[in-house]
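Have a look below at one chain only, the form predicted alone, in structure tokens format.
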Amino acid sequence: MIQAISASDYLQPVHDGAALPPLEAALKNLCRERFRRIDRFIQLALLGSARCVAGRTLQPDCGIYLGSGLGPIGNNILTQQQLIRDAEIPKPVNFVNTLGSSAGFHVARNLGLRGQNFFISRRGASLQAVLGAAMADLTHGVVGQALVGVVEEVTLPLGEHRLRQHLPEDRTLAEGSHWFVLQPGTGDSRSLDLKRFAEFATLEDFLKSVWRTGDRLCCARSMETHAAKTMQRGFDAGALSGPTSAFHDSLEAAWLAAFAVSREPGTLFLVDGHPERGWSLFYLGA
């Protein structure tokens, strides 16, 4: 069994005409040192991971699994502007920070970790990607502990950010940093499990067999539409904590992290899949 022994959830809506919320003061209290030349994506990763680990000592070889749908988009925009618009060589700090692995390096340095360090980018399903990788490594003993996070940043102006993501002009945007510490074992912490199914009907039958009053259902944004509607009709989605109107590319991570932090009773099921690639079911229980 895999346990989620700690979690943190940062989901901050960003409104038109407003500046991005400053993070420097919070990081000053959370980080071992003052990091120079870091971008907002790295700041968000440091913020969420440090909050998740606060008060705990991780195993030095704890693996880091960082995911994102969009990645460090701010520095990628700056680099493209320098190359294409200004016909200049990108500034080294901007170029280096186009890689999401830079955030993982800073997280490891801040927490004193020296284990394996992965960055996985997958549009619309980054949480599923990093959780699947971390849980596989924990199950097979590759690592004894895993720090798993998903980070999404917002860039200004918001109109251009919406355009890049093909979103309506009135959609509220949010940035987020959502983290979990996972390890094998049993105890009082929430359990995390993953099952895969080749057929949708088998998934439905399994979910019916384990569903209890008070459980919650979350259909991933990447899930096939007809199947998602079928699931939502068949199971009570319940009321999940946190803002439902704000959007970022890995919103499933916000739901899972908020549920873990809240200590609400029951189990949260996250369903994803497509008839051509099969189905997955993550569930975080009491």
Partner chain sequence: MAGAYIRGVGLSCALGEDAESGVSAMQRRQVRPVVLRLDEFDEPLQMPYYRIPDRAELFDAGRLERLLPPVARAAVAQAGLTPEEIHRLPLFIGSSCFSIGLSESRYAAALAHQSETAIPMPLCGYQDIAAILQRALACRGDTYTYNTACTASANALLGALRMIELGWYRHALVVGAEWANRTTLAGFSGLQIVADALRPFDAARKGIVLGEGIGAVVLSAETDSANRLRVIGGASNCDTWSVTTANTNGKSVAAVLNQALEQTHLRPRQVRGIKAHGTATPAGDTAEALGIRQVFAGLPPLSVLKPYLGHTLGACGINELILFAGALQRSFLPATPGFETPDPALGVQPIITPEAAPDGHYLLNHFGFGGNNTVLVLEKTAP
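Positions refer to the first chain, counted from 1. Being a predicted model, the structure only gives us computed values, none of them experimental.
If you look for the form predicted together with the partner chain, you will not find it shown, but the lines that follow are about it.
Undergrad: When the partner chain is placed as it is in the predicted bound form, which of 79 to 87, 201 to 209, 167 to 175, 183 to 191 ends up with heavy atoms within 4.5 Å of it?
TA: Looking at the partner contacts, the answer comes out as 79 to 87.
Undergrad: Does Leu70 reach the partner chain in the predicted bound form, with heavy atoms at most 4.5 Å apart?
TA: Yes, Leu70 sits close enough to the partner chain in the predicted bound form that at least one of its heavy atoms falls within 4.5 Å.
Undergrad: Any of the heavy atoms of Asn117 lying within 4.5 Å of the partner chain in the predicted bound form?
TA: Contact with the partner chain, yes.
Undergrad: Do Asp215 and the partner chain come within 4.5 Å of each other in the predicted bound form, heavy atoms counted?
TA: The answer is no: Asp215 has no heavy atom within 4.5 Å of the partner chain.
Undergrad: Test of understanding: in the predicted bound form, would Arg263 fall inside 4.5 Å of the partner chain by heavy atoms?
TA: Result no; Arg263 lies far from the partner chain in the predicted bound form.
Undergrad: Along 267 to 286, which positions have a non-hydrogen atom within 4.5 Å of the partner chain in the predicted bound form?
TA: The stretch touches the partner through Pro275, Glu276, Arg277, Gly278.
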